[in-house]
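For reference, the chain that follows is the form predicted on its own, supplied as structure tokens.
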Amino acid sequence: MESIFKGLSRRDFLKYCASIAAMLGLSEIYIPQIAAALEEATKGKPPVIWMQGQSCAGCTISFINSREPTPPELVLDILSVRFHPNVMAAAGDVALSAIETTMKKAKDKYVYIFEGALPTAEEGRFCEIGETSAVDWVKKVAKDAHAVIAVGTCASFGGIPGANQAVTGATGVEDVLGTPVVKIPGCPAHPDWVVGTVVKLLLFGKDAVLAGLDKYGRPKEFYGTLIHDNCPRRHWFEAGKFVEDFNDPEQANYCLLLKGCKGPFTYADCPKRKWNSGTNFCIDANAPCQGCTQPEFYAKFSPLYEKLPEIGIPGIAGYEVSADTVAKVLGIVTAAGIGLHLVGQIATGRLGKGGPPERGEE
């Protein structure tokens, strides 16, 4: 059978489909369906408009590090990326005209991806594309899109620019549009999360993608598990061993909670998927999880290297639970075991003898 991608045999193509199934957490029985969907997709090449607001372009850099499929396969063979400020050759009015042309000729068919936060203060003048504010572009382009995907924590929830909201009014795409959008948060977003969501959109359609989102608008395939539950240092947490001094070799692999790790409060599959082609992730590199996939990142999770004095505890009396509430729960559930006991210690700021003093304590 004729190759789908240039230079790719049928055997390699099916292996590629198997990798897509694994990325999405699907059974092997879906491989023929994935193959058929991609074959169909390559005929029409769904058009994509990728724009950026207040962004460091980190999500784009992460995206082009994708292994399966590779960037050329994704950008040229599966999709038809009509506008992207970093990867397209055109510039100025010629580049902007590609947006208008795509909107006109592919109405209700193009996928609109937005990266970066949207500054809403001063009529959006803190970020303009051409001579039009990013806010006005989003309202205009999203209107006739088949699907809108916010890539990165900035586009999803405001992210780091949102920490300065009092000045620029930076916020996420959904806040500007007032309608639900698919969010792929992360600082940056993992390329598999972006590619997997786009492929799922091609395979199963917009309704299936929207039906598979969590309460924050994130695909459950990638954001359905707590980092803490899969942390390779979880046993040290259970044993009550925590890093207090990065320079102490004996503490090298202890739990990083006292150093500001947000793993107990952050949902993403980083410990299993890892980064840089499956090489590593923050905690393996001896850095605490900063919670970059959560709506609380950055403003409510800073200072990043300090344990938060009070924070929501997942799984106990709902998600948002204060330290006082958890203390009351622990007072009732006296035989809940060491894991729950440690959670209570975290929330009440009494974790481990000899730990660093809390802010405001002597």
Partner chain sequence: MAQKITIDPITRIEGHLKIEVEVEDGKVKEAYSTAAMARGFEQLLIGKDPRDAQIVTQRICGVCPASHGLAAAQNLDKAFEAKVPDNARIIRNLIVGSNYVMSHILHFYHLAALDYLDVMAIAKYTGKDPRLLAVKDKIVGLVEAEDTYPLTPRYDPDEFSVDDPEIVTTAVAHYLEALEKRKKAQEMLTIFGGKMPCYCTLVPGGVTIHPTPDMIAAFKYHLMDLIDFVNNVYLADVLAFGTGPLLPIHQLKVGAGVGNFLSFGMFDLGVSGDYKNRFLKSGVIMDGKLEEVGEFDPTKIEEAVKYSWYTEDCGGLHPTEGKTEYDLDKEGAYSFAKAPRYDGKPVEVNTLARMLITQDKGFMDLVNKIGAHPSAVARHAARAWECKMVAEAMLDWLDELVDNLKAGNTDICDDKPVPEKGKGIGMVEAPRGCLLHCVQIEGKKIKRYQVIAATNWNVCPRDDKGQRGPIEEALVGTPVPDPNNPINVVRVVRSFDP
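Numbering follows the first chain given and starts at 1. Computed from a predicted model, the values in this text were never measured in an experiment.
What comes next is about the form predicted together with the partner chain, which does not appear here.
K.L.:
Just to be sure I understand the contacts: of D144, D136, D214, E128, which is the one whose heavy atoms reach within 4.5 angstroms of the partner chain in the predicted complex?
P.N.:
Among D144, D136, D214, E128, a heavy atom within 4.5 Å of the partner chain in the predicted complex occurs only for E128.
K.L.:
When the partner chain is placed as it is in the predicted complex, are V94, K259 and N280 each within 4.5 Å of it, taking any non-hydrogen atom of the residue?
P.N.:
Yes, because V94, K259 and N280 each have a heavy atom that approaches the partner chain to within 4.5 Å in the predicted complex.
K.L.:
Sort through 202-210, 219-227, 84-92, 175-183 and report the only stretch with a non-hydrogen atom within 4.5 Å of the partner chain in the predicted complex.
P.N.:
Contact-bearing stretch, as computed: 84-92.
K.L.:
Please run the contact check for D108 against the partner chain in the predicted complex: heavy atoms, 4.5 angstroms, yes or no?
P.N.:
No, D108 is distant from the partner.
K.L.:
Would A239 sit within 4.5 Å of the partner chain in the predicted complex, counting heavy atoms only?
P.N.:
Judged by the heavy-atom cut-off of 4.5 Å, A239 is well away from the partner chain in the predicted complex.
K.L.:
Though only this chain appears here, would L304 touch the partner chain in the predicted complex if you measure heavy atom gaps against 4.5 Å?
P.N.:
So L304 counts as contacting the partner chain.
K.L.:
Spell out, yes or no, whether the shortest heavy atom distance between T171 and the partner chain in the predicted complex is within 4.5 Å.
P.N.:
No, T171 sits far enough from the partner chain in the predicted complex that none of its heavy atoms falls within 4.5 Å.
K.L.:
Taking the partner chain as it sits in the predicted complex, which residues of 243-257 have a non-hydrogen atom within 4.5 Å of it? Please list them.
P.N.:
Going through 243-257 in order - heavy atoms within 4.5 Å of the partner chain in the predicted complex - the hits are E244, D245, F246, N247, D248, P249, A252.
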